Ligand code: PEP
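Just one chain is shown here, as structure tokens, and it is the form predicted on its own.
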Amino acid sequence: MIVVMNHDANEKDIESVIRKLEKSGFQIHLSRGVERTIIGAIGDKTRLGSLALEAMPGVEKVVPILAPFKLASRNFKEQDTVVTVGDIQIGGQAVHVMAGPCAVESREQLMEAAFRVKEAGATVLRGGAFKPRTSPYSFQGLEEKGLEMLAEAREATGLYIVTEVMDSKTLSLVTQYADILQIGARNMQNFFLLRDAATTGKPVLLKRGPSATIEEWLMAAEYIISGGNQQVILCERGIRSFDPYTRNTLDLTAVPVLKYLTHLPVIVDPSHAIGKWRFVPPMARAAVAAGADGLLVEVHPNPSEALCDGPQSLTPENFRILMEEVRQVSKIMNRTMPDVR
């Protein structure tokens, strides 16, 4: 449930409500909006009747949250959450693009990709150092060496880094290098990893599992938020369907639905959703038109020689064209994009 405080409620009123709820065993999460403060209380709702919260000074009303995801719900926080990474804000007015190779393969490959995506207007460099692959014989990533290369690329370009963390064992290592922790589709319901990621204090990009419902996805986000980390970015990357022509089916309906259900920022990964580079640009344009706060796009200097996901990777020149198109769509949607740096 949430306790909505009056706009003129003072700190003493708020603290009194919090103490009463905590004394009754409720877990408290505070959301301070522009006009009102909302107190989220998670616990045994059968005990609410005896608390008489609405009779307390400063309380406007008590509202139950019926959705199973409480802290991720728009009912808990009306204003959009804006995730701050350095000097950029994801979920605000600007549309941000995260781009780079699927995997870090070499210093030369990564640095060329980094400089080219920055020139086109990307603000975050993506690249996998640890690669969860379907086949145990496929390229698994350069691990810490790859993380070191990502850090070097950040130093050289000023781009922030998003990279995947696969398990709790390597979480602390990845946290040392990454600006944004990516939890991939295969790990969306790795609840131990979600809990551990919440403790890092780093923004978390949470990808949707290929067979996950929107509710299951938001419940995964709830694990991170309930662990004390509200810096969660949701990433739609396609769901499994019956048609094998594309890698997955990009569920763009999820974008407006999520915007209605949750306050968390939403980005779209058309590369993994489609699996074929020529279809990535139109889906990227459509994602921004649907209301996405950003994109996650795979770019490789030479896709034909990529060690993984070459068929879905854009060349730097094709990425430049895509960025020009996305900039035009953003303008139509009354959104902005960062100036090319």
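The first residue of the sequence shown is number 1, and the count goes up from there. Note that the structure is predicted; figures quoted are calculated from it, not measured.
As for the form predicted in complex with the named molecule, it is not shown, yet the points below apply to it.
Exercise for the section: Would you mind picking the one in 185, 149, 180, 266 that has a heavy atom within 4.5 Å of the named molecule in the predicted complex? Expected result: Checking each option against the named molecule in the predicted complex, the one that comes within 4.5 Å is 185.
Practice task
Tell me, out of 202, 77, 116, 131, which residue has a non-hydrogen atom within 4.5 angstroms of the named molecule in the predicted complex.
Solution key: None of the other options qualify; the answer is 131.
Handout entry: Heavy atom contact within 4.5 Å of the named molecule in the predicted complex, the stretch among 255 to 263, 185 to 193, 149 to 157, 172 to 180
Key = Selected range: 185 to 193.
Handout entry: Distance check, residue 164 to the named molecule in the predicted complex, heavy atom within 4.5 Å
Key = Close contact exists here: in the predicted complex, residue 164 approaches the named molecule to within 4.5 Å, heavy atoms only.
Exercise for the section: Spell out, yes or no, whether the shortest heavy atom distance between residue 298 and the named molecule in the predicted complex is within 4.5 Å. Expected result: Within the cut-off, so yes.
Practice task
Report whether the minimum heavy atom distance between residue 207 and the named molecule in the predicted complex is within 4.5 Å.
Solution key: Taking the distances in the predicted complex, the answer for residue 207 is yes, it comes within 4.5 Å of the named molecule.
Exercise for the section: Give a yes/no on whether residue 102 approaches the named molecule to within 4.5 Å in the predicted complex, heavy atoms considered. Expected result: Yes, residue 102 lies within 4.5 Å of the named molecule in the predicted complex.
Practice task
Check each residue of 228 to 250 against the named molecule in the predicted complex and list those with a heavy atom within 4.5 Å, in sequence order.
Solution key: If the 4.5 Å heavy-atom criterion is applied to the named molecule in the predicted complex, 228 to 250 yields only 237.
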